[in-house]
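The form predicted on its own is given below as one chain in structure tokens.
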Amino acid sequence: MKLFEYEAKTIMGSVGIPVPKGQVIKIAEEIFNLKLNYPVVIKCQVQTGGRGKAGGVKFVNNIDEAYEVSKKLLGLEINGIKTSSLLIEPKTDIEKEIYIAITLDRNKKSHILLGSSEGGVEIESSSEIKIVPISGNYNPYHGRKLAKLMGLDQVKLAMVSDIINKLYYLYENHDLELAEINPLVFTKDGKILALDGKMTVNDDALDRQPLFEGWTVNHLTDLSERELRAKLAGLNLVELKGKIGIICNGAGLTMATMDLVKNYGGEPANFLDVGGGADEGRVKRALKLVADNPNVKLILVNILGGITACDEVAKALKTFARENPDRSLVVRLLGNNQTQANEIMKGTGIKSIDDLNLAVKEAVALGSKN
């Protein structure tokens, strides 16, 4: 789950990382009720990059400008995501920008600190990034080491290493996948401020993070309506542009099935993994989501029964076939309770094929006719 900038800054401020005093609005007219010292910066709150290049960050000098700019920015789409709120902060006199971040390096199998003596746009891909891997437990030495590698010394080294330590505390205690400040700035009056912040929470850890309880639905702004419904129903759906709906159990099996569909000349309409142990209700929800896509002409179901029982899947398929007689289904069910599943599907008109290649060929052939 990606946090909005203002949320990341609120969390950073809670542990003493200096952040500008900001205010959030969702309606342009709110600007008249704020006590602001101009000039200020107005920033679109979106969970995507490229905000500055897209015109989503504006400086204004008075209340009239602020109102007009707010009207334009609210509703601005950036990378397909509509802006629904704005963050307003005082303009900062900047002496120097730097960059710091913490994330997981899966290749190194360790958490890493990243830093650069330069901040700004696309700095994450710069060759000047310094990296400090965290082997074992984190300690303040790691923060000081990164700050020194970034070319800082004396007071600035102490200031930055202190912020790195606090940021790592948040990273570890809130199960973050990414904690980033870009830019972290030194101001002309000798202060240090986190002018922008990004945080991504590990979705699998949300249940043990009470701070984020109830946040999910408001942070899925980059999903389609069906993808959002799937996420809230506990299903993993990614919509594509093809005509053959795909429902499998296991990400690897789903990807392999999609590859076979393309290999035989078809185009998948989606990726949908119902997960292990899916019961009748879960499969019904998956079928409903896939069938709701008007582009889907046929649904291909490929389930290998292990902890998922084939008869549970078959019950959902039988109900779906009865309620949607105009929908074509090609099914491959192998494994746990396969015999019972075949009995359940008798007389439903569902094409059940054990051989995966034959099942996919049939699905592509039927899909091209619909």
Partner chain sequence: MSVLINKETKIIVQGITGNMGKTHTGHMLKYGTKIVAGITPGKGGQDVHGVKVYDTVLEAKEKTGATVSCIFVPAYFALDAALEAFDADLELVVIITEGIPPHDEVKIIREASNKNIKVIGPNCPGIITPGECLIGIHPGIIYKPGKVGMISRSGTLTYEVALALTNANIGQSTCIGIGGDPVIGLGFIDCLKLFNNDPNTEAIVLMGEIGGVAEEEAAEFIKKEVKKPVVAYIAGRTAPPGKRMGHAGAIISGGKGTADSKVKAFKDAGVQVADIPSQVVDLIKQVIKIPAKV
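Residue numbers count along the first chain shown, from 1. Values in this document were obtained by computation on a predicted structure and should not be read as measured data.
What comes next is about the form predicted together with the partner chain, which is not displayed.
Undergrad: I need the one stretch from 283-291, 144-152, 242-250, 89-97 whose residues put non-hydrogen atoms within 4.5 angstroms of the partner chain in the predicted bound form.
TA: Residues of 242-250 come within 4.5 Å of the partner.
Undergrad: When the contact criterion is heavy atoms within 4.5 Å, does I307 count as touching the partner chain in the predicted bound form?
TA: The answer is yes: I307 has a heavy atom within 4.5 Å of the partner chain.
Undergrad: Give a yes/no on whether A321 approaches the partner chain to within 4.5 Å in the predicted bound form, heavy atoms considered.
TA: Close contact is absent here: in the predicted bound form, A321 is far from the partner chain, nothing within 4.5 Å, heavy atoms only.
Undergrad: Are any of the heavy atoms in T187 no more than 4.5 Å from a heavy atom of the partner chain in the predicted bound form?
TA: Contact with the partner chain, no.
Undergrad: How about M258 - does it come within 4.5 Å of the partner chain in the predicted bound form, if we only consider non-hydrogen atoms?
TA: Although the partner chain is absent here, M258 would touch it in the predicted bound form, with heavy atoms inside 4.5 Å.
Undergrad: Taking a heavy atom within 4.5 Å as contact, would all three of K109, S135 and N263 count as contacting the partner chain in the predicted bound form?
TA: Yes.
Undergrad: Here the chain is shown alone; which of K191, K72, K82, R208 has a heavy atom within 4.5 Å of the partner chain in the predicted bound form?
TA: If I apply the 4.5 Å criterion carefully, the residue I get is R208.
Undergrad: Only one of V24, I350, L356, I11 has a non-hydrogen atom within 4.5 angstroms of the partner chain in the predicted bound form; which is it?
TA: Spelling it out, the residue with a heavy atom inside the cut-off is L356.
Undergrad: For the heavy atom contacts within 4.5 Å of the partner chain in the predicted bound form, list the residues of 175-207 involved, in sequence order.
TA: Contacting residues: D175, L176, E177, N202, D204, A205, L206, D207.
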